[in-house]
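First, one chain by itself in structure tokens, the form predicted alone.
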């Protein structure tokens, strides 16, 4: 890998590791110092490697330089004298040498602790997701703005406010006690769910970034399930859901970059290894007595990895949606249930249920009705598809709707 390609790659993979360790060391009230150290390390890498060539072990070089920069800051900054030294010199008469642990275990532990700090209830869900992207995934304000179809200034201000709030509340970067872990785990899982969903159902035109969001959500979820203190049935169910959805990633986009609907996907492109992992995590999620929405959504996603269009499949999906809506109602889940209803009980019943939803400002609602009315009342089908086209925001959605309109015209 060339230097111009390697540095962005390492920034994505190593920034989050180093920043988590340094944030834990300095405390969340000095997060900017940790960010400056890591940013300056990568800036020095770009300058040095461009002149002298790549070091033998680029990752080790980054770790060594960031360690040295952190030690310099600690020795010459008030942080060292006011915070670190008192902690380290309780039993010593001389100023100790600070050890900065960048071992794999401490990196993973620090990222896990940082996740719970970021998902503190004192900041909003939007801020939790944004900070997770920024600190734990290495995304900049521009990339976060791209992911959420926002502008850089709005995202930047949101991140600053969130960091200030965490400082004001003096949130510690550590794993809370078991009761607080349980209390805060729901917020952590919600953040990961939103992060994955933004990647999988993104309205961003940046398809590469979309996939990265999903990978980052899965990586962070894996940290949860691999730690005894934070692993839970719901965390395993969420990771199962992510595996099932990601297994069809390559089949969802064709060579031209167009979105491929589920029924048109090539099953040979589905990732069988990820499907198997999804099944394993779903089995791990079966312990305990609490049923979460992640359990039900993972079970629905599992049935979607079964390509055969059987009555058992769609009846099972329909019943799972019924339970999901009882547990936590959402308009999109209700819309998806209507599609399952059409496959299980026929279009006529599905149309009646769909029209009760009255999601008139949602392009998916009109697109679904357009396809349900097809061959049943083609005029109504066309009317709904035209409304869907005016409401659709992304080129991919518009292309799918246009294909449906063309098919309807060709039938006439």
Partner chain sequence: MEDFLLVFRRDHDGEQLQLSPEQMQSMMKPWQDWMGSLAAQNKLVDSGNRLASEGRVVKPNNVVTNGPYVETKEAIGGYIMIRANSIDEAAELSKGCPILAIGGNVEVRTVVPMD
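Numbering follows the first chain given and starts at 1. What you are looking at is a predicted structure, and each value in this text was computed from that prediction instead of being measured.
Another form, the form predicted together with its partner chain, is not on view; read the next lines as being about it.
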Determine which one of 25 to 33, 354 to 362, 374 to 382, 40 to 48 lies within 4.5 Å of its partner chain in the predicted bound form, judging by heavy atom distances; exactly one does. 354 to 362
Considering 315, 174, 126, 101, which brings a non-hydrogen atom within 4.5 Å of its partner chain in the predicted bound form? 315
Please pick, from 190, 271, 227, 319, the one residue with any non-hydrogen atom lying within 4.5 angstroms of its partner chain in the predicted bound form. 319
So in the predicted bound form, does any heavy atom of residue 310 sit within 4.5 Å of its partner chain? no
Would residue 201 show up as a contact with its partner chain in the predicted bound form if we use heavy atoms at 4.5 Å? no
Taking heavy atoms and a 4.5 Å cut-off, does residue 337 contact its partner chain in the predicted bound form? yes
May I ask you to check whether residue 68 falls inside a 4.5 Å heavy atom distance of its partner chain in the predicted bound form? no
Checked 321 to 344 against its partner chain in the predicted bound form; residues with a heavy atom within 4.5 Å, sequence order, are 322, 323, 325, 326, 329, 334, 337
